[in-house]
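One chain follows as structure tokens, the form predicted alone.
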């Protein structure tokens, strides 16, 4: 293990209980260093959010970690012990969940819910916690925090609710923040405000960020390194500069070709390329490489042998034939 890593996930496998042959996550390995932003990208259903829930010890009912290690500062996280994980969640690892309205309880005020995180981990009075909450709401850019503290979630806009969830995640100054699709359903202006807020918090607190997203524009702006996932597997990992300049896996190349970029025009005015086919069902994956049915360079070897993860230049990639397609323009 790299002793400088804050979080290490090694060979993580998550499966439905009683279904040993079916894996939602299979052999997922990645790490994040202090102060670093790691982006985890891929289509819906690829396992991005499931990996984050495994780290938090919040796997949905019916799923279990079958194997693999999750280490925090070199020590195993007690992800199978909910009582022990309550001391970690919010205090050492914060999480911004994908849908802020679902993350907030509609029957409690904003102040009650943010203060609950502080009172859980710190020995202070309710009055002191309330003052902290007002300051937190002000720091995340909410107007009139002394009024919003007594509001209920339904009284706030989507962007305001997202700021509240970020305030909750940052309340105890965690070492690691997991941001799961933090800009989903927000307009472009609010998206930019939320990402600036996260970046400012990172600079001021020195926290590491795992950014889970399908928005490659955000990845280019925010990330230091990128992990690309497909059908429960990690298929590529590289620095953000290397990944955008020289993607090795055909899936990564397909994602980049399907992403609109300012100033880039398709020849003849043609629409952006799409990746043909569909993500395979977890319960019925194809033999060999899981991307094979959609891959433009699949061979007979790809039909029978699942590709091992290996180093190709500055990139870690799981592909029998990496880097053969022309660079993405």
Partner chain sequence: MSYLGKRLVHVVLTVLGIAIINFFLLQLAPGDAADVLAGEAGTADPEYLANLRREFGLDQPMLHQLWAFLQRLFMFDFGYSYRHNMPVSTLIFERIPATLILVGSSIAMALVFGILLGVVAARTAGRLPDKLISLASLLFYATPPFWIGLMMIVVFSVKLGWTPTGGMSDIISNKTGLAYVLDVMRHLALPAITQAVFYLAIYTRLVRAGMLEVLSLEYIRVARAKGISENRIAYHHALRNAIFPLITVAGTNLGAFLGGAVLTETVFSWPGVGRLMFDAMFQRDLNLLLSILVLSSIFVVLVNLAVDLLYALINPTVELR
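Residue numbers count along the first chain shown, from 1. Worth saying up front: this structure is predicted, and the values here are computed from it rather than measured.
Keep in mind that the form predicted in complex with the partner chain is not shown, yet the notes after this line are about it.
In the model of the complex, every residue of the candidate spot (82, 95 and 121) has a heavy atom lying within 4.5 Å of the partner chain.
Scanning 282, 70, 56, 32 against the partner chain in the model of the complex with a 4.5 Å heavy atom cut-off leaves one residue, 56. None of 209, 235, 168, 137 but one reaches within 4.5 angstroms of the partner chain in the model of the complex through a heavy atom, and that residue is 168. Exactly one of the stretches 147-155, 72-80, 129-137, 201-209 approaches the partner chain in the model of the complex with heavy atoms within 4.5 Å, and it is 147-155. Among residues of the shown chain, residue 113 is one whose heavy atoms approach the partner chain to within 4.5 Å in the model of the complex. The partner chain in the model of the complex comes within 4.5 Å of no heavy atom belonging to residue 246. For residue 103, a non-hydrogen atom is located within 4.5 Å of the partner chain in the model of the complex, even though that partner is not displayed. Contact between residue 174 and the partner chain in the model of the complex is not found at the 4.5 Å heavy atom cutoff. Heavy atoms closer than or equal to 4.5 Å to the partner chain in the model of the complex belong, across 67-89, to the residues 82, 86, 89, ordered by sequence position.
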